[in-house]
Each structure stands twice: as C-alpha cells, then as structure tokens.
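Just one chain is shown here, as structure tokens, and it is the form predicted on its own.
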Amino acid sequence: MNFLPRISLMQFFVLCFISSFGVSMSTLPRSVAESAKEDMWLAVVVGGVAFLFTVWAITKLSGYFPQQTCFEYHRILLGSVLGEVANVLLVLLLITVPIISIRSFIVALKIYLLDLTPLSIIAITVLSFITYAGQYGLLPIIRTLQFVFMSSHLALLLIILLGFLAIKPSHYFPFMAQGFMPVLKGAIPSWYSYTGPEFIISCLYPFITRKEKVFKSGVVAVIVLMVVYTLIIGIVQGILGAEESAHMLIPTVIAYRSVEIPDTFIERLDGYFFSLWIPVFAVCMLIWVYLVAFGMKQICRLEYSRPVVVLLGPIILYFINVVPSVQIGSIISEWTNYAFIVWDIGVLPLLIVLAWWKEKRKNIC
C-alpha cells in the first residue's frame, strides 16, 4: 500500500489490548505465585498500576515527534550511530517475544491437546498464518484483530468467568501474611504480561488520528488488561491455591480442567479454553511479528515490510527449535522481562530528558 494507514482510537485500543493479552495469560499465575503466594492477585494489580507510568512516558516522548516513529527519533536524539544501535537492540528485544511465546504455546498445545503432533508442525502452522496475514500491511491486520477481538476474546472471557463455579475461598488466605515485599517481587514478572502498548504507541503514533486521546486510550487498555488478568489470577488461585499454581507449567489450563457446569452436557472447560486461546494467541503474535518487521523496514529504509515478514517466518522457526527445553525458555523469558523493565523505566525517561532538552534549545534559539 502506498498510502499511510489511519488508526482510530477504537482500533488503537484493540491493538494495545491484543498485543498484551494472549502471550502469558496461561503462565502468569505460576510466575506471580512463586513470589507473592496468596497475594498473587494483588501483585498483578500493582504491576498494572506501575505500568501506567510507561504508557505516560512513551506518550510524552512520542508527543515531541508526532510525525515520526521511534526508529526515526532515536536517530535524532542519540545521533546516527547510537540511534541505529538502539534501533537494532529494540528489534532484537521485540523478536524475543514471538520466539519465546510461540515456543511455550506449542509445548502447551502438544502436552494438553495435540500430544501426537510434532512441535515443528504446530510451529509451522502458526507461523504460516502469521506470515500470510502479516505481509499485506497494517490495515488488513487491524481488521483481522477486530474480528477476533469481537468473537474469540469475548467468548474466552465468558469461559474465564465460569471459573467462579469452582473456587474455594480458603485459598485466598492468609492475606498479606508476609507484608508487601512479596507483592512487589510478584509484580516484577507480571510486567511482561502488560508489555505491548508502549511499542504500539512508539511505532504507530504517527498513524493515530486523535493523538490527544492516546494516553487516555492507553490507560483504558491497561486497566481492562489489569481487570482481566486479576480475574484469571484470582480464579486460578481460588481453584488450585497459590502453592499448587507455583509448581505447574500451565496452571490456567489445569484449573479450568476441574471446572464443571451442573446439570449440563458441557465438560472439560480446558478444551474450550484451548480452542479459543489458539486464535487469541495467533493474532497477538501477528502484532509482534509485524512490529519486528516494521522495525527492520525502518532500519534498512525499505519501502515495504512484506519481504521482511516472509523472511521472519524461517528465522523465528529456527530459534524456536534452538531453545532446548521449557526450563531454558523460562529463563530466557525471565531475562527478557528484565530487559523490558530496563527499557520502559530506564531508557524511556532518558529519551524524554533528551527530547525536552532538544525542544528547550530549539525554543531558545
């Protein structure tokens, strides 16, 4: 396409929500339960509140360069060499998300649903969809996201709410037994679950129609994510308990396996959960692969990102197979989370200071 896409606020909200939701909603209970124990649900809330600072920071930074993407204003603020280094590091950081997430997803799918299917076949199927849907540009991607959001996401929310039928109130106590420090420690792994809106804003800010509403829409997206994540964490905790959740690979799926709906023919809710999780996860990965391709296009100064998307499929597939085990994948995911935290609360404020100083010198001159 030779024209610039225009993103409405509703489309921006969908982009922000889907870019975060679907990656770690199944493994998040295990991550926060290891540190926060019975206060695991509170750790997710604290992590979401803290993440609002990132939304403010990236909106503030992008406001200094309303017609330029982050890959362009990095060169302006840091110089051509350091700016290009920052761009390459950002692309490398972004590409770790589909690699680790798809690896975790296909392992879960093989264990709980497709036990006879080779991992490579599942990975090729997911990447084939992403490659096909992502090569035609942003607008077809947004239309795909809107369709999946209005169908699979809402149906998945209904399945999530059915988990209230099996919770045990005793699993929520004792509350704050060890003080607030475990909650803060549990909020650190929850950061990865909110990651996404800051890169949507930094990469696509020039294409959003009502830029003065970007911060409010981003905050709404994070708050909705926070509510949904708290529901999931609270239900999983109520069904399994904090101790059991901390020792399971995918506690969300195990929790919904024990949910039964009285006087109906519906059983094994984990099957319905998985069926709806597949499209939710696929479109989430579609956004991340597009962001990687968009960044590579900006770095290489290409006119189209279509060949980059096609090239990314085999690259991601190769690195998925390089990860030897689930344990190694968890370690890489943990360090990726730390890298996102450093970028969000370390690099972004520094760039804001540089942008403010550059703006001040321009006004003086």
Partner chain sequence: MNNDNNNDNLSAGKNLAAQVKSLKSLIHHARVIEDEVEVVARSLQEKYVFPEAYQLETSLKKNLKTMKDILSDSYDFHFREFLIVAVNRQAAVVFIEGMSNQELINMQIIDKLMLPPIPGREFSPQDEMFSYIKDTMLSVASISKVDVLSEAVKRLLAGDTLLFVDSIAWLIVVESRKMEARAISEPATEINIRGARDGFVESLQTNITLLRRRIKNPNLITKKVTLGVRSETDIAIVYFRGIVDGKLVHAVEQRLEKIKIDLPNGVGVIQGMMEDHPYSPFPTMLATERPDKVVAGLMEGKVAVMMDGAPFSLLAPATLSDFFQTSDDYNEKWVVSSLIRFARYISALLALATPAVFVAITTFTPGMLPMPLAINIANARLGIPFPAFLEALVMIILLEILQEAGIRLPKTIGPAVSIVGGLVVGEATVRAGLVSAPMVIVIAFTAIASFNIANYRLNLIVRLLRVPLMLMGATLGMFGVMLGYLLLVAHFSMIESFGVPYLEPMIQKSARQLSDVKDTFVVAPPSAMDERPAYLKPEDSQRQKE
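Since we're looking at a predicted model, the values are computed, not measured. Positions refer to the first chain, counted from 1.
One more form of this protein, predicted in complex with its partner chain, exists but is not displayed; see below.
Checked against its partner chain in the model of the complex, the candidates Ile278, Leu94, Ala246, Val219 yield a single residue with a heavy atom inside 4.5 Å, and that residue is Ile278. The single contact residue among Ile99, Leu204, Val183, Val126, judged by any heavy atom lying within 4.5 Å of its partner chain in the model of the complex, is Val126. At the 4.5 Å threshold, heavy atoms of Leu109 reach its partner chain in the model of the complex. Within 4.5 Å of any heavy atom of its partner chain in the model of the complex lies no heavy atom of Asn87.
Of the heavy atoms in Leu350, none are within 4.5 Å of its partner chain in the model of the complex.
Using a 4.5 angstroms limit between non-hydrogen atoms, Arg210 touches its partner chain in the model of the complex. Proximity of Met10, Met150 and Ala282 to its partner chain in the model of the complex is complete: all three residues have a non-hydrogen atom within 4.5 angstroms. Only one of 196-204, 227-235, 67-75, 137-145 places residue heavy atoms within 4.5 angstroms of its partner chain in the model of the complex, namely 137-145. Residues Leu109, Leu113, Leu114, Thr117, Ile121, Ile122, Thr125, Val126 are the members of 106-128 with a non-hydrogen atom no more than 4.5 angstroms from its partner chain in the model of the complex.
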